[in-house]
Each structure stands twice: as structure tokens, then as C-alpha cells.
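Before any questions on how it binds or moves, here is one chain, the form predicted on its own, in C-alpha cells.
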Amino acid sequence: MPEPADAGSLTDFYRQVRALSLRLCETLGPEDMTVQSMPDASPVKWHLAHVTWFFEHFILKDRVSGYRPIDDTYHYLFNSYYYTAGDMYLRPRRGLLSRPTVEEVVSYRGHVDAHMLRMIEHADENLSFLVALGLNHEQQHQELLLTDIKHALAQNPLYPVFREDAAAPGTSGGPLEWQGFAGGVTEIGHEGNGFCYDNETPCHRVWLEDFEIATRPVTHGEYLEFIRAGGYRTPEFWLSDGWTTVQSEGWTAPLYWLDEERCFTLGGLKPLDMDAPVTHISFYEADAYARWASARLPTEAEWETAARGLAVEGNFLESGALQPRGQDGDGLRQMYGDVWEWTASAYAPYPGFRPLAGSLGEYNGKFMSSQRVLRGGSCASSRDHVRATYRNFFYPHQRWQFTGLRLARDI
């Protein structure tokens, strides 16, 4: 359990995170915030309500004497997947919830915030952890809010602009080079007193062979070479499930590419930045590209070993770009921010893993099947949300997140 946070700093963090969720919606109308473009995505309004329900259900209802929910039906509407917490409204139907209105959801947030801020003033160690968990949970949903609204806006033939100042190009990424690491026994996983999720623990030993990892992610320009070389028409580069998916879905390029010159971004239609990291690709596409390039994806242990000791700096949500950008420099770069990097590792429990007690044990552990680990954060992640041990996870066919790849090779 991490050390209790100072009440003042925890209050500031709470206000900061909760306010950011609403600021991200400033350019959206109520119609934008209700639409759901696919079952994997959720309406913006639902995200705002669900993260509020999380504080209400896991903190307020058991700790505030006589606490009264603003509406008892919200528990059913805004529970996501916590089956031990009760029944829930079906995820694929969330876009049908025209009520409560956006205004009512904002009022719900204010109701919960007022109670939470009073509680934080007297937070003990256990409450501090739960508040930190709730805030990190909201930061995850801030990223999902952005990727979900991007997917929704992309379905509109008008290609609406979410933010006029988004998707400004970066610099040339420079040539792709390699940095080697000696193998042997090393440790991965979180240890210490800082916040982490249960799936990052425990810190444990792993064996690595000698390897080298690319100094930057693969770019749009490099991925375009794969496409032009017939990558989407050549089955030998693909895993069996990947090739089946390519055929059934008709994939010929990353999600949001209109052609070889334009793509849809949160800044609207933009020229394809050839120096920016390729994004919105599935694990299958990342793996196929790596095979075509006579390389492979790094394991999560290799990625964490390479990232260890590097400052958590990069193109995060705070930059306002909301799109990966090229970055020049020497040595390993863009390990953090820009794109979540697919690894070769299946999402599985570490040796000795113990989920959190009670319903919160459903947060991560029950998803440790059929998914792949991604590392490093993206241009839609908050900088203070990411660390070297952070394990993100998605199914191998999914690509609406800001996902990309970095190559690795055996030495």
C-alpha cells in the first residue's frame, strides 16, 4: 500500500483531474456527447458519469453516514463491468441513453465532488489510496473519452474538428538506429511507495537474452513502405488470426487513413505526417510490419528494461497536439507519449500477483486473457499517469486507441 498523500496535495490533484475532464468537452455539444459509434466505445457523457459513479460507489456510500445518491438509478446506468457490485446497463446500448442529460450529469459530478472534497481533508492511508485509484481511473477515461469521440467524429462525412489547434506537426524523427542491451537476470514490476495498479506487481525477476531495440517508433513514412510493398496482400507476414481479420475487415491501411496522403485527426483532416509515429494500428498489423522489416516486437520485459531510468517526458495530453509527432534527437526517444507501443507479451499475471480485495479486484485481473500488453503512454495520456512499469492492455484486433510500434531484434 502506498504512503498516504498529503491532504492538500491530494485535494489539488482531485480538483485538477476532475476539472480536466470537463475542459476536454469544451468544444463539444450535447449531441456529440451522447453518440456512440461502436460497441467498444462509449459516449462522452457516459464517461463523465461513470468516473463519478466510481467515487460514489467505492468511497462515498460506505464512508459518509447517511449519504444519499442524487439518483438511485445511476448505479445501474453507470456501472461498467463490476459484476460483484450489481447489475449494469449493456455497454453496446449506452448511446441510447438520451437521459440523464449532459446538464444532469454535470450536476451529478458536482454533487459527488462536494462530498469527496470534504472527505479528502481527513484522508487516512486507505482512503488516500482509493482516491488516487479513482483519479488514475478518471485519467484512463479521459484518454478513452478522446479516442471514443475521435472514432465518433470520424464516422461523420463532414469530418468535424474537435480542436482547431490539434495535430500540429513535429520535427523529423531522424534515422532509425538501434541500442543494445545485455541479457541476464533483471527485475521488472513496480516497487516502492508511489501509486501503481495491482497488475504492475509484484516486482519479480526475469531472464533476458541479449537484445537491441529501435531508438524511435516506426513512422507513417516507414509504414507506408510496408503498404506499398504489398504488406496487406501478403499472408506470410501475418499471424493466422491477423490474416483472417485483415480479410474479414478489409483492412488496407491504419485506421483513419483516407489515402496515402491524408488522415483524420482530432484537428480534422490533415496531411499524413511522414515523420510522425504510425498510429491506430492493431497488434496484428504491428507484428506483421515487424516480420516484414526482419525484426520483431519487444517483450514487455525488454521494453521496461530499456525504459528504466529514462525521464517520463514526451508528447502527452499536456502538449495539446492530440496526435503523435516526430522528434529528433540521439539515443532512445519517444519511449513515453506519442503512441502506446505494442509488445510481444500476452497480458498475464506476474508471478505472485494478488488482485485488490473485493469488487476492485475486477479492475484488472479478470481481463488477463487473450489480450496484449502495450507500454509507454500516448499523446492522449496525462504525463503524471504514466511510468515505466505501467501495463496497458487491449485485444489484438483493436486499433481505435493511439497505438503504434517500436522494433526489437535479437543480438
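Computed from a predicted model, the values in this text were never measured in an experiment. One-based numbering along the sequence shown.
Just so you know, the form predicted together with another copy of the chain exists too; it's not on screen, but the next bit is about it.
Engineer: So in the predicted bound form, does any heavy atom of Leu360 sit within 4.5 Å of another copy of the chain?
Structural biologist: No, no contact at 4.5 Å.
Engineer: Decide whether Leu224 counts as a contact residue for another copy of the chain in the predicted bound form under a heavy atom distance cut-off of 4.5 Å.
Structural biologist: The answer is no: Leu224 has no heavy atom within 4.5 Å of another copy of the chain.
Engineer: So, Val102 and another copy of the chain: in the predicted bound form, are they within 4.5 Å at any heavy atom pair?
Structural biologist: Yes - in the predicted bound form, heavy atoms of Val102 and another copy of the chain come within 4.5 Å of each other.
Engineer: When the contact criterion is heavy atoms within 4.5 Å, does Thr73 count as touching another copy of the chain in the predicted bound form?
Structural biologist: Yes, Thr73 lies within 4.5 Å of another copy of the chain in the predicted bound form.
Engineer: If the cut-off is 4.5 angstroms on heavy atoms, which of these, Glu191, Glu209, Glu121, Asp330, is the one near another copy of the chain in the predicted bound form?
Structural biologist: Of the listed residues, the single hit is Glu209.
Engineer: Check each of Tyr108, Phe316, Phe264, Tyr284 and return the one that places a heavy atom within 4.5 angstroms of another copy of the chain in the predicted bound form.
Structural biologist: Of Tyr108, Phe316, Phe264, Tyr284, the residue with a heavy atom within 4.5 Å of another copy of the chain in the predicted bound form is Tyr284.
Engineer: Tell me, please, which stretch of 200 to 208, 255 to 263, 322 to 330, 171 to 179 lies within 4.5 angstroms of another copy of the chain in the predicted bound form when heavy atoms are compared?
Structural biologist: In the other structure, the partner sits against 200 to 208.
Engineer: Which residues from 149 to 163 come close to another copy of the chain in the predicted bound form, meaning a heavy atom within 4.5 Å?
Structural biologist: Heavy-atom contacts to another copy of the chain in the predicted bound form: Ala152, Leu153, Gln155, Asn156, Pro157, Leu158, Pro160.
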